[in-house]
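So this first bit is one chain, no partners, the form predicted alone, shown in structure tokens.
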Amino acid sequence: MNLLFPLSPLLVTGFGALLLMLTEAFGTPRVRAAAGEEVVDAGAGRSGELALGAAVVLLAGAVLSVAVWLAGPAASPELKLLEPWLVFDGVALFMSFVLCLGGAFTALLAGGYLPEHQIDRGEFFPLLILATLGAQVLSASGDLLMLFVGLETMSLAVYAMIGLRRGSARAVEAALKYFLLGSFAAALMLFGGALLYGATGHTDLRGIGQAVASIGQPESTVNAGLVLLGLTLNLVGLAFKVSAVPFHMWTPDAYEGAPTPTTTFMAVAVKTAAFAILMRLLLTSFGDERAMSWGAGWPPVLALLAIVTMTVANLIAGRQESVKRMLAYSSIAHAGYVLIGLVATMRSPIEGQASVMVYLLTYTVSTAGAFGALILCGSRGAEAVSYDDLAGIGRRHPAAALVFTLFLLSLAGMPPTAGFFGKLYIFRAAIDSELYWLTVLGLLNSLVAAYYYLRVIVSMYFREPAPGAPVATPMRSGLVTGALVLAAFLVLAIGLAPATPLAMALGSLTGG
């Protein structure tokens, strides 16, 4: 019984998903069938109430994550019973808060988007909560077996969420492409885990770390070659999940073909969970001096990934005509910035990890707001897809343009928004680790990224639609508006009081 409170963030999402599934299955459809047809989907016409239920469950998970964090994991010694399978430390609770927050934004956005675009399918919301639960388990995994369970729980639900629009060939293609490549990446990770087990005799991350640290000692029987190959395969699999170049090929098509709320969840929650377990894997299993050295460890590999990811994604994003596809490449570029923070952990482990955690929080609220603003700017038949579609919307619908501008400025790293301090902490950690050249390249890439963010703002405020061209018309939805208000509040609150999330991240790492 003493485990109920410290495990409440997981329990509330798990039982909430089951409860919402029953609510969706046994409810009464709120749409009328056409003559001679039968409504077989019990969730039809009920997206609003199901979205509110999902948002309440996920926000409760976020609140409970903070409550357990404030009480302190050390106050619940029973959590040791879950180790090594689940490690519910301060980092896991911080990531659980970010994941539940991102899931709640997705639920609210879907509550307005799905009925507006006539894909009102109630199964979306239980799938969303189950995907969030898988992401929470993934971020708290302390064992390779639990890592795989969390990864597949999250991924399988996301595959179905991408293909929700069954009549769209683009959505089906996106779901199939993500499924095939995701399965390939999962197979690589599973094979890598098998190699690590064969080399070390452990599946728990801490045990693997102790075995790796013993390499070179007289009594060690660990095969260094198998360990290196296992690490490589796991890095490739997780690089796929975070959309790092050159493992990003699925991202633009999947983001563009999926319903925009699903794209939002993939951009914020899937990426956050993947970075959380990547950080835990590297620092727990490969955190000794040799594995973290610049000469023979993983930091130079991640540094190269960061440079290529930022540069390639930003250059391609600037050439896109679809705003949604541009945001997809933007999310790839942000993965490169987070990789800089991971590289910085080689000399500044606490500051590097804290910068990654804060960046993922600021990125979540900014990206969820940006996709939400894109949803708000277009209704069915008058959707906001390209830059031309948004031309003149700043004059016709100033409120929608204003919130979109705020989130774009945050993604670009402009003060006093949350995104500015997210990048500031990342670059400061890199400077503290004497990675000056990596910091300079990150700053230059931020300047390149500002071009395509400002391009959207210019289209909204300083251009008018061409005669006869399609004009985006904002939709009306209290749920979408509520999500944008909450996201805007957090973007400004974090920007005006940036020390608070940083102190929470540092406290999660130091136990303070």
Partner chain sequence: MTSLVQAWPYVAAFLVGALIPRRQSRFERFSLGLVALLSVAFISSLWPEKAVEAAAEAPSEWPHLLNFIVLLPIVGAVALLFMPRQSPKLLRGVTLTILAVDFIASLLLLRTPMTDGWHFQYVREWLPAFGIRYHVAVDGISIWMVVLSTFITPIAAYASFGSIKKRTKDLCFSLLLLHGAMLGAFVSLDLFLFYVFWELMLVPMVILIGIWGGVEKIKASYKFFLYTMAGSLLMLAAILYMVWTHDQLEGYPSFDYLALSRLVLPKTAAYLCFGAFAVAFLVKVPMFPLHTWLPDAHVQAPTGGSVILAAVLLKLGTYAYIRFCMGMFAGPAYWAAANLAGLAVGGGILYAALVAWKQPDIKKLIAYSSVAHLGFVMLGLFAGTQAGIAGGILQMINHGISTAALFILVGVIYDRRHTRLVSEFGGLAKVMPIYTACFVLVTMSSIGVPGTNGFVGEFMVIMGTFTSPVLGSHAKLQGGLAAFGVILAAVYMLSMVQRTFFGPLSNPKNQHLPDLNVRETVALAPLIAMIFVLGLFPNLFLERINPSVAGVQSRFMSSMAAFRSQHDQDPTRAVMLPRPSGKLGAGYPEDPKKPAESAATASAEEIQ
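Positions refer to the first chain, counted from 1. Because the structure is a prediction, the values reported are computed rather than measured.
The discussion below concerns the form predicted in complex with the partner chain, not included here.
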item	value
Proximity to the partner chain in the predicted bound form (heavy atom, within 4.5 Å), stretch among 364-372, 237-245, 104-112, 395-403	395-403
Contact residue in the predicted bound form, chosen from 10, 490, 502, 17 - any heavy atom within 4.5 Å of the partner chain	502
Contact assignment for the partner chain in the predicted bound form, among 421, 275, 124, 329, heavy atom within 4.5 Å	421
Partner contact for residue 224 in the predicted bound form: the partner chain, 4.5 angstroms, heavy atom	no
Distance check, residue 446 to the partner chain in the predicted bound form, heavy atom within 4.5 Å	yes
4.5 angstroms heavy atom contact with the partner chain in the predicted bound form for residue 286	no
Contact test in the predicted bound form: residue 466 vs the partner chain, heavy atoms, 4.5 Å	no
Within 4.5 Å of the partner chain in the predicted bound form: residues from 398-433 (heavy atom criterion)	398, 402, 409, 412, 414, 415, 416, 420, 421, 424, 425, 427, 428, 431, 432
